[in-house]
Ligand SMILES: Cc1cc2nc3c(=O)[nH]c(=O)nc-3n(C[C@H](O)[C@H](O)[C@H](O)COP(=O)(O)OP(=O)(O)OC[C@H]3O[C@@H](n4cnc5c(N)ncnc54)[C@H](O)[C@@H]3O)c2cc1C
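Single chain ahead, by itself, as structure tokens, in the form predicted on its own.
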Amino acid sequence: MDKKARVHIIGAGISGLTAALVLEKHGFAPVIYEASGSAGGRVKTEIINGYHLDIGFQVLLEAYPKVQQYLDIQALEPIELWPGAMIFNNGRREIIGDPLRNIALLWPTIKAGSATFSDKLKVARLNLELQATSLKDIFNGEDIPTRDYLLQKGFSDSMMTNFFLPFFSGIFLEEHLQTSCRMFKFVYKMFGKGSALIPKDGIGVITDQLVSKLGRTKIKYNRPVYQVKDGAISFEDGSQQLSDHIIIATADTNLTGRTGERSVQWQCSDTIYFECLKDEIRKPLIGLVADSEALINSIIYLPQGSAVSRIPYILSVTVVKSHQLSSVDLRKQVEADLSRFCDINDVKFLKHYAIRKGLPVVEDLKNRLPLSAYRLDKNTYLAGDYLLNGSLNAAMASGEGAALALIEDHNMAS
């Protein structure tokens, strides 16, 4: 049966869109108010000079449970990355990866000096251990910094410096691996369970697909909300909308006086895109820049259009380390680093994205919450990855949780 209740969602990011999908399946026809001119929040792609450039480089982990539930992955036309990385350090390049999942990585990994033989055995044991550990046990388990956890596992300084630090700094968007080992175990398990994917036309196709699945939901763009209070939504233009149920699917915790204590801190990064005439990696691998003097953290050559290879190639560079450089000076430093540490020259600048809200800093990482945790009051609910952990999976899970809490309350009141 159609539900006639007035249901509104603040924010058309992944959490808000997922909440709308769940509400539609239960007969509601929500309205989403989005402050900007497009959906997606932090999952967006721009077309620059005909190229699809993500606003902040991201990969899609197909093993995420909520990705499996809410997305048609094959419809995204993804390119599968190899389970490994090319390491640039001290003028040398070498490849290290998981030969059990891609046999082409066997000989390069055996030869790689970035990891000792003992490190390689420890990686294999870690894979087995985490694949056998449930998500519930991971998120209820020890909560120490990732760096401390890896050192306790006995990994060598070389393995830490050359692989773990640059690889997971690029994922966590912080350079010292102070992120909880719960998040490390979760992400590592997801990498081991499925593939890391890059949608052919950019990460924004995830948003496009979610929007396309909505049938009864209306999205009203360029409608910034000023306040949510007592069942009323106040907009910055002075207008107001009464509502029976409101989901605040944004990390703007100042919308209501009751969420001030949830002030969200953010990890930031920079993504810089270049055109170049040569692919220095020549395989679907991420490149890790392990030299401590380098500002850049990682690089990857991106597929564009229907072809895996295309000249000019598009090079994405991620910077995680903090800096005070202007956009122009940052670009010059990145170009110098590419030449010095990666022997990549003759690049043509395309676009710089300064990502000031890359990932939320979450102190007590969770994978699930009881429905009661999404309730702010009798008709207001919260959604967003900041409630759980900084991931696409958490964004979807929180949107789902807020919607289910709303549905439960509505049904009890009916």
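None of these values were measured; they are calculated from a predicted model. Heads up: residue numbers just count along the shown sequence, starting at 1.
Same protein, other form: the form predicted together with the ligand, not shown, and the subject of what follows.
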Given that the ligand is not shown alongside this chain, does Leu388 nevertheless sit within 4.5 Å of it in the predicted bound form, heavy atom to heavy atom? no
In the predicted bound form, Arg223 touching the ligand (heavy atom, 4.5 Å): yes
Consider Gln58 of the chain shown here, and say whether it contacts the ligand in the predicted bound form, taking contact as heavy atoms within 4.5 Å. yes
Non-hydrogen atom contact Val22 with the ligand in the predicted bound form at 4.5 angstroms: no
Let me know the one among Asn297, Thr250, Asn162, Thr179 whose heavy atoms come within 4.5 Å of the ligand in the predicted bound form, would you? Thr250
Report the stretch among 22 to 30, 363 to 371, 377 to 385, 344 to 352 that approaches the ligand in the predicted bound form to within 4.5 Å, counting heavy atoms only. 377 to 385
Whether Gly13, Glu34 and Leu173 jointly form a contact site for the ligand in the predicted bound form is the question; each needs a heavy atom within 4.5 Å. yes
Residues in 106 to 142 that come within 4.5 Å of the ligand in the predicted bound form by at least one heavy atom, in order, are none
